[in-house]
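Starting off, we have a lone chain in the form predicted on its own, written out as structure tokens.
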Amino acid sequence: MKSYILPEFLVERDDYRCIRCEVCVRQCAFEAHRYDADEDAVFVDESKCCGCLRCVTLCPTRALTVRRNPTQTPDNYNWTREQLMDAYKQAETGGVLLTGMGCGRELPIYWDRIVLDASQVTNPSIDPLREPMELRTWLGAKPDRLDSQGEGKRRRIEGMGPQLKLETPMMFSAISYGAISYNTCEALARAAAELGTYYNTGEGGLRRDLYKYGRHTICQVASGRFGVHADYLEAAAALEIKIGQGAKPGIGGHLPGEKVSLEISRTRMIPEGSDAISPAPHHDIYSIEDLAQLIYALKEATHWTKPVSVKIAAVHNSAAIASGIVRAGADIVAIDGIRGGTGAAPTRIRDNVGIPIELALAAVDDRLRAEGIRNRASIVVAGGFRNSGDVIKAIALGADAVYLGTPALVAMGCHVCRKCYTGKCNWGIATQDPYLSKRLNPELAARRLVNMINAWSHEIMEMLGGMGINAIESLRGNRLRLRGVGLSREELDILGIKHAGE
């Protein structure tokens, strides 16, 4: 069958610069480059190029350029080039379109339409270089009142449940071993330990040699129960029940059998080479009462020493769902917005199901405050964070902390080519191929992660100082420090902020 699909990218080679070193041939897992010894030339199959820029980055003579194919289809506002190519793919394969990473549609990014207030004269700003700034925060249920016993250094606080201590209000999102390589998991764990924060195992279990990072690990319990056993629960600092994720609300997960290696099979406790399928629902949870049973079972199994989180996708009734989750006994509510990343998801689900995290966060914080239960659980949000400005605005909207997934992968080298589901990640991140995995050095990757989070933390302190605030917890839910620009009255009401100039 003749394919009507046009290459998404064009690869241009400067033959004068090219020295036929074959670096591009060896580095491209998609086999877009091919060396012909007889002609002493390197040829390109542009239909295989994913635009990851690995070849461009590593070419020693800068002989390569990759650019988006400028070939235009006939002008049609409804049938764009992307829509045409997707229709051709499905006509040729009869399959569901898969993709990786988060929603790339031109939906409003509310972080870009929100600005921060700043102090001027009567409420002077604070210089974070000369005065202490507090970014530490605690995640977990807080009682209505605290009792203390003793005095001075012997004073003991009673009534507080288990808490997670974060030195900065940022954690690494749930990404499973299987979706990403072991080296990537190790890099996230190392960085979390050095930063004094946490990384999340995702639903893929935890390899035994990463148990040493358990004090900085949040372990997930998903519908497939992969890798869930007593030692796994005991190793974690906190547990998270995954109900849904932003990239694919309402559907389950699928790790293809070809990615289930021996080590992954041992970690997930499934046969080697078998598909790892997470059902869409937990088959023991069909009500808030069922969820409460699992929360309490996990707390009992860990002797009530670890906080339990429940993760949901951001949907239109997230506020009501979050209220039920808190009343079911969860210590943390994690919410993942429509721009949340993924290793593999149906394209149409990723781009059309769910709502932006900004709107869900504001609604959940409002609902919990209105019901007088906001102190009974912390709120952690994810999905679409790109920089420290987004993070600090989320905290002012009501979040206690944020999860960072895509930014963490980008810091390690990801170029967001959206081909994670193929298992051929040229940067050694979303792959189980030993040849590709070793391209990511966990020590160097961890250093890049630490550098990024430290940089963002410094920027957050600068912005806090500019607002005359010296502790991140003083900003939480303080929407008076936010203003909207170019938003409708309805959007401003949902976000709970005023328009700039008011």
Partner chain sequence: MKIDLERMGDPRVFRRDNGHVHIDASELHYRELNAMIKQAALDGATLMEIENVYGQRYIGSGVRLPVRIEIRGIPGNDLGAFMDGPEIVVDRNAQDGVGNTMNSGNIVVHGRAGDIVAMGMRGGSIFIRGSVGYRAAIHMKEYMKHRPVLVIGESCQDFLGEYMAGGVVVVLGLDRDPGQGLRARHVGTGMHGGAIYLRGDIDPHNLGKGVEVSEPEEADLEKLRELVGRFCAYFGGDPAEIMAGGFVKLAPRSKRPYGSLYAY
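The shown structure was predicted, so the numbers you read here are calculated from the model rather than taken from an experiment. Positions refer to the first chain, counted from 1.
Beyond the structure shown, there is the form predicted together with its partner chain, which is absent from this document and is the topic of what follows.
- Remark: residue 199 does not count among the residues lining its partner chain in the predicted complex, judged by a heavy atom distance of 4.5 Å or less.
- Interface membership of residue 366, defined by any non-hydrogen atom within 4.5 Å of its partner chain in the predicted complex, is ruled out.
- Contact annotation for residue 279: at least one heavy atom lies within 4.5 Å of its partner chain in the predicted complex.
- When its partner chain is considered in the predicted complex, residue 138 lies well away from it, no heavy atom lying within 4.5 Å.
- Note on the interface: of 181-189, 293-301, 125-133, 311-319, the segment with non-hydrogen atoms within 4.5 angstroms of its partner chain in the predicted complex is 293-301.
- 254 is the sole member of 424, 113, 415, 254 with a non-hydrogen atom lying within 4.5 angstroms of its partner chain in the predicted complex.
- Among the residues 194, 234, 117, 351, the one placing a heavy atom within 4.5 Å of its partner chain in the predicted complex is 234.
- Along 192-228, these residues reach a heavy atom to within 4.5 Å of its partner chain in the predicted complex: 223, 224, 225, 226, 227, 228.
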